[in-house]
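Next up is one chain by itself, shown in structure tokens, the form predicted on its own.
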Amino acid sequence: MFRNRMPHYEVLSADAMATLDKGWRRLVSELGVEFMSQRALDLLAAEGQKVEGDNVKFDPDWILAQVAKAPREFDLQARNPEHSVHVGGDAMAFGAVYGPPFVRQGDVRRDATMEDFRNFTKLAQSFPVLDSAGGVICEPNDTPLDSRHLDMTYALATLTDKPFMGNVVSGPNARDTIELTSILLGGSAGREAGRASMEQTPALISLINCNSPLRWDDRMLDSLFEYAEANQAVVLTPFILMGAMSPVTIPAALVQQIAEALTGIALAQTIRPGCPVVFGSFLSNIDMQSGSPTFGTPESGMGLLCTGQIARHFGLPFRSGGTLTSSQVPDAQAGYEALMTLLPTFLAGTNWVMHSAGWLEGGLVAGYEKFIVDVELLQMMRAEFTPLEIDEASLAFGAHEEVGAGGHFLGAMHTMERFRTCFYRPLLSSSDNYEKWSRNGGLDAAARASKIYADRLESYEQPPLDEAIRQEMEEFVVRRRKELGD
């Protein structure tokens, strides 16, 4: 977990915030938002909101009263307490890519497998800069659809000792995730102790996406009910590509994002007042010539900066950012588009950062080499956003006395005392001269990244886990797989 002590970069004036406020209030009260769940509709109707079929027209002040019940910050526990994270405030936590059905390994693009899922989980465990492996790091297409959530959750729980994200495909899948996690955390005290621990401090953080524009679907809502009732954190996220799922202007997209996120958060607080929530944002645009999604754009960067300011305005932790790119391969485009997203992620002080490592091809692909490129970017950004310590020692007046005019500082005592830690040491980048670089094979960044990820997988060590817990989790997976018909 990184504490971003830098001042947040804010772009919205007080007048602009007031205009956005009027905009989302009109959307929720005049047009309303659809909820494709009778359970949600009944709950909102009981709270006095105007329900017409699947559409709910809200009292904006009621929404704000519900949102005010949400905690501004919360802790997320890991089975290894050293890897628990804080969500909110100046804390930033980073997880790997989420959701791709394909992987890229060198020049090969193919369907993702369960082995790929395990590999990416191991890589996330191996790099301290990542606080979580995430959730669906890739979609393992070689496992049965109905039960693959069991295999993925088991892998996240056993191959890492960091927090992970819950499955949200359905309500039963969410319940399975909660059960497996309660076994993991209960230890010798049993599953009920694990549930009690999770009630006290959430262990799961799960992505609940809005079907933008202005619709919450039944499967996502079923998962929301399961996690909120169990006091597990939920990330309520509008999924907006400007020009397709929202109007093309950034202010219109922001107003829609506020309306969608706040109505989801209000429902979560109605389900269980005080349950931990995160104001989610996934905001980019399409190519108006081709209709293809685009990432790492100036518009998405501006939207991200605005979102941070908006979430703080409502007193909520927020999710956004990552290392997004439209590039098909880990090339220069992948690098500069990833940085175009990651820089505003840090400037805005994003609390929960998904898609921090491995994203390629608009999120369709999890890339092994791109994973390493992104880890390098994350490490560099963390170094850049660590505030300077300015004191007598760092001013190094004595080094000037020792060296004098016209000398050099390579052998100065000040340098010798600090040379191992004074500058960031790259994981991936090469600063060799041309001759040495050529002798070592003339490898570009992607080729060097290929060697790094292979070495990390080779040296991976699984975090220890009590064998009785592992066995109970395995028995649960086997039983549930049989019940699901797989």
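Note that residue numbering begins at 1 and tracks the sequence as displayed. As the structure is a prediction and not an experimental result, all values here were calculated from the model. C-alpha atoms forming the largest set that superposes within 1.5 Å between two forms make up the rigid core.
What comes next is about the form predicted together with a further copy of the same chain, which does not appear here.
- With a 4.5 Å cutoff on heavy atoms, Glu179 does not count as touching a further copy of the same chain in the model of the complex; it lies far away.
- In the model of the complex, no heavy atom of Ser459 sits within 4.5 Å of a further copy of the same chain.
- Contact check for Glu30: a heavy atom falls within 4.5 Å of a further copy of the same chain in the model of the complex.
- Within this chain, Asn285 lines the site of a further copy of the same chain in the model of the complex, having a heavy atom no more than 4.5 Å away.
- Not one of Pro60, Glu467 and Val477 is positioned with any heavy atom within 4.5 Å of a further copy of the same chain in the model of the complex.
- When you look in the model of the complex, the only residue of Met114, Ala396, Ala91, Ala78 with a non-hydrogen atom within 4.5 Å of a further copy of the same chain is Ala396.
- This chain is displayed alone, yet in the model of the complex one of Val169, Met198, Ala252, Ala155 has a heavy atom within 4.5 Å of a further copy of the same chain; that residue is Ala252.
- Exactly one of the stretches 228 to 236, 114 to 122, 252 to 260, 137 to 145 approaches a further copy of the same chain in the model of the complex with heavy atoms within 4.5 Å, and it is 252 to 260.
- Taking a further copy of the same chain as it sits in the model of the complex, the stretch 319 to 343 comes within 4.5 angstroms of it through a non-hydrogen atom at Ser326, Ser327, Gln328, Val329, Pro330, Asp331, Ala332, Gln333, Gly335, Tyr336, Glu337, Leu339, Met340, Leu343.
- When two forms of a protein are overlaid on their rigid core, residues whose CA moves 2 Å or more are considered shifted, and Pro81 is not one of them between the shown form and the other one.
- Core-aligned CA deviation for Ala405 between the shown form and the other one: 2 Å or greater.
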